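Below you will find one chain, with nothing else, as structure tokens; this is the form predicted alone, and questions on how it binds or moves follow later.
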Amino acid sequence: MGRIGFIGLGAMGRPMASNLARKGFALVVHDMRREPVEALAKLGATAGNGVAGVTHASEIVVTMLPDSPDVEAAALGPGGILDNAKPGQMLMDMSTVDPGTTDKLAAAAAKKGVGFVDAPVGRLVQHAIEGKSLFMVGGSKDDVARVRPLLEAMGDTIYHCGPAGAGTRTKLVNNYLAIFHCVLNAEALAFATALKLDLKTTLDVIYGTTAVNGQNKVNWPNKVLKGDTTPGFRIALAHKDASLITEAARKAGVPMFVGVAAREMLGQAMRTGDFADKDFSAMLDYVCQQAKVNPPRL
């Protein structure tokens, strides 16, 4: 396999690219910040000369960016990936974006004879660090086979969800549950705290019933419940995803009564103090702040 371009070295992109470098892939990388590029260079990657330079130097270009406008600018904008790509190259977008953005990328790539796969990422930052991410992949059978070695180097679970766009749409369904479980857990544990219940006993009960979910059993004990709200997945990004989800549901004709309420709650937290840049498990602290109770800790 030829050189791999990786654009976007944020909380998830950096550990994913690091795993590729450690496992012997020839990488050329780009980010708006110097520090993650320098860190990847220490692992053997080459710093790319912007988006155009990465594209010229690579067989497969991977994007892992915060939002739909960022992806559209990098891939579709003047001087972007598809402006510089040649027939036979491959673009794999791993960002969580509006399905309409994915559809635009797939159509533009096909017009240029460039392969396209959407492969958004499941699980948490720690899984990305450990090379245990889950990928929801959309694309043709041949295109997915072409990028599979990269996915196997960055994760341990790969689902081919359907044609281009199916990965992005599956990610929105997955994130609906992940994000809104977080909001529900925040209200439930703030409620338990206000009732002066013992946290460990309350969690033991929840874990023993169908009320259990991956946030309250897997993520929270390692994050907010031990006082760690450093961002794995920022509240601002959770609000962005909630907005993508509710808008995609509106277009599909699916009412999202709970989803809209939870999106507004995330928006309120995002506009309060420094919550926007805290881990989304810190929604517990936000609700406790509103309830004027001390946030519970294990």
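If you're wondering where the values come from, they're calculated on a predicted model, not measured in any experiment. Residue positions are given as counts along the sequence shown, with the first one as 1.
Another form, the form predicted together with a small molecule, is not on view; read the next lines as being about it.
The small molecule is not drawn, but in the predicted complex it has a heavy atom within 4.5 Å of S95. Taking the partner from elsewhere, G48 is found to have every heavy atom lying beyond 4.5 Å of the small molecule in the predicted complex. When the small molecule is considered in the predicted complex, A252 lies well away from it, no heavy atom lying within 4.5 Å. Shown alone here, V121 lies within 4.5 Å of the small molecule in the predicted complex, counting heavy atoms only.
A single residue from the set L237, I245, M256, M270 has any heavy atom within 4.5 angstroms of the small molecule in the predicted complex; that residue is L237.
Of the candidate stretches 158-166, 137-145, 121-129, 107-115, only 121-129 has residues whose heavy atoms lie within 4.5 Å of the small molecule in the predicted complex. Remark: none of the three candidate residues (L184, A192 and L203) comes within 4.5 Å of the small molecule in the predicted complex, counting heavy atoms only.
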